[in-house]
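Shown next as structure tokens: one chain only, the form predicted on its own.
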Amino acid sequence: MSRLDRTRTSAHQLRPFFSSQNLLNRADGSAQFDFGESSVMCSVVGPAEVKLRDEKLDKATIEVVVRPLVGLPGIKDKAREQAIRETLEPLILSGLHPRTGIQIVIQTMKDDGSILATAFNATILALLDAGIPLKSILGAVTCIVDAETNQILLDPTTQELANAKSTHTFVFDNKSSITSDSKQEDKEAVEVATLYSDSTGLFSEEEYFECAQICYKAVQAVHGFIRTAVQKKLEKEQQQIHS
């Protein structure tokens, strides 16, 4: 099948990644992540003082703000805030910073599909840039089931999303990877690694798990990219210290 996105020949091919960190002077951490023409910038402030009403005695308070490309935040943006906050809260070692606040602001720069996955990836890079202690690193990928062909397409563009029967975004941690050829063991590995999933549209249980496994295999490249980006940043900082 030929894709509507003519830059890719395979249904399971991701668009090129791009990232940049330490972009904003007034933030403790910041990053931009791109999936092709979709781009999200994220800033992190904290751990810092928090209002008394928001204080938690045993851990830091996590606040997530999602800003759309244009206009004021709507219901969809509020839902994304909740999804990202609830996914990150178990991941962040907030008990190390009780009675403080960590504010995460996510700004959509360009939207050409897969924007929620792009936002998750930008957020983890910004948290790493801010030095926030984490249990593991997450990575996110979106796929669709095409309405005409029933084929699963990874990292869809806006044009491809318009032809989707269903859309699925998965967020996985980097603690485990597929090491077996057994479909049952693959399924179990995917379930263990899944931190968050969001699915809309019409789909069967079989299609859902097939989407999850395809996204899980694809997210290994995202995890590798994030590790490389952080490593290059640390090497650059070391060079600046010793120069």
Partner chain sequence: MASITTEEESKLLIVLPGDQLPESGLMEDSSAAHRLTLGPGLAPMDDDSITAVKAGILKHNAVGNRWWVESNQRRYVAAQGESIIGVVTGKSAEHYKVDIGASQPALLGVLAFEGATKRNKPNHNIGDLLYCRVSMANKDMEAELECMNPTTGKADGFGELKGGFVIKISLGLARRLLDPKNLVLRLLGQHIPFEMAVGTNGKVWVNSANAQHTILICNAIRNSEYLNSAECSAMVKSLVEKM
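In this text, all values refer to a predicted model and were calculated from it rather than measured experimentally. Numbering follows the first chain given and starts at 1.
What comes next is about the form predicted in complex with its partner chain, which does not appear here.
S.K.: Each of Leu128, Leu134 and Ile137 within 4.5 Å of its partner chain in the predicted bound form, by any heavy atom, yes or no?
M.R.: All of them do, each having a heavy atom within 4.5 Å of the partner.
S.K.: Just to confirm, Arg80 within 4.5 Å of its partner chain in the predicted bound form by heavy atoms?
M.R.: Outside the cut-off, so no.
S.K.: Answer with yes or no whether Leu69 is in contact with its partner chain in the predicted bound form, where contact means some heavy atom within 4.5 Å.
M.R.: Residue-level check for Leu69: no, no contact with its partner chain.
S.K.: So, Lys165 and its partner chain: in the predicted bound form, are they within 4.5 Å at any heavy atom pair?
M.R.: Outside the cut-off, so no.
S.K.: Contact with its partner chain in the predicted bound form for Gly36, defined as at least one heavy atom pair within 4.5 Å: yes or no?
M.R.: The answer is no: Gly36 has no heavy atom within 4.5 Å of its partner chain.
S.K.: Out of Ala147, Leu96, Met109, Leu161, which one falls within 4.5 Å of its partner chain in the predicted bound form, going by heavy atoms?
M.R.: Of Ala147, Leu96, Met109, Leu161, the residue with a heavy atom within 4.5 Å of its partner chain in the predicted bound form is Leu96.
S.K.: Just one of 113-121, 151-159, 99-107, 69-77 has residues with a heavy atom within 4.5 Å of its partner chain in the predicted bound form, so point it out.
M.R.: Selected stretch: 99-107.
S.K.: Along 18-46, which positions have a non-hydrogen atom within 4.5 Å of its partner chain in the predicted bound form?
M.R.: Sequence-ordered list: Asn22, Leu24, Asn25, Ala27, Asp28, Val45, Gly46.
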